[in-house]
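Only one chain is included here, represented as structure tokens and corresponding to the form predicted alone.
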């Protein structure tokens, strides 16, 4: 219902999307949201995944239009106007600790400002730490909802739920 009532959705793909091979399910989700006149864009962090450009390649493989992909510096200022930021298997690249926790190993690393969106939905298999080995404080923010499960299964479930609305 959160996605169905949104006007703007930004999807943040991460390594979890790659491992689950969920890029085609993500494309299906994009298509169904756009058929409902919901604006869908992708926020791509330069180090998301295991190599630069990893997310771009996976989304291109799934035939997601390249004009929907936005680099961190091109989309970060938009997050306060985003209804739903949907994080799919990303962790460290959306961790707000990078902005303020001087003791964090990711302090100073540019992150996607997803926490500024009205609602954040994080899909991960668990609350486990990311590559940096630290807890992601975003998971405990009041505007964040956790949606546990493998990315492919979880996104397919979202697609089916939205179709039924």
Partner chain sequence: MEVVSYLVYLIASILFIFGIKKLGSPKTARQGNFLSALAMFLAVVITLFDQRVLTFEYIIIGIVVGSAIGAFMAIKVPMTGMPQMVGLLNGFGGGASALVAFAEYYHILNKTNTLDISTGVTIVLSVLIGAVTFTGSFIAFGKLQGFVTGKVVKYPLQNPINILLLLIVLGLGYYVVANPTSDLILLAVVGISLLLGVLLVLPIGGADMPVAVSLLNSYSGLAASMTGFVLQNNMLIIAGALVGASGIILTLIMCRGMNRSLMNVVLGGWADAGSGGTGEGLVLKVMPNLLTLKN
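Just so it is clear, the structure is predicted and the values come from calculations on it, not from any experiment. Numbering follows the first chain given and starts at 1.
The next section is about a form of this same protein that is not shown, the form predicted together with the partner chain.
Visitor: Using the partner position in the model of the complex, report whether residue 154 sits within 4.5 Å of the partner chain, counting heavy atoms only.
Guide: Residue 154: yes, in contact with the partner chain in the model of the complex.
Visitor: In the model of the complex, does residue 116 have a heavy atom within 4.5 Å of the partner chain?
Guide: No, residue 116 sits far enough from the partner chain in the model of the complex that none of its heavy atoms falls within 4.5 Å.
Visitor: For residue 110, is any heavy atom within 4.5 Å of the partner chain in the model of the complex, or not?
Guide: Yes, residue 110 lies within 4.5 Å of the partner chain in the model of the complex.
Visitor: So, residue 50 and the partner chain: in the model of the complex, are they within 4.5 Å at any heavy atom pair?
Guide: Flag for residue 50 set to yes.
Visitor: If the criterion is a non-hydrogen atom within 4.5 angstroms, does every one of 32, 70 and 125 touch the partner chain in the model of the complex?
Guide: Contact check failed for every one of 32, 70 and 125.
Visitor: Going through 43-71 from first to last, which residues have a non-hydrogen atom within 4.5 Å of the partner chain in the model of the complex?
Guide: Those in contact are 45, 46, 47, 50, 51, 52, 54, 57, 58, 66.
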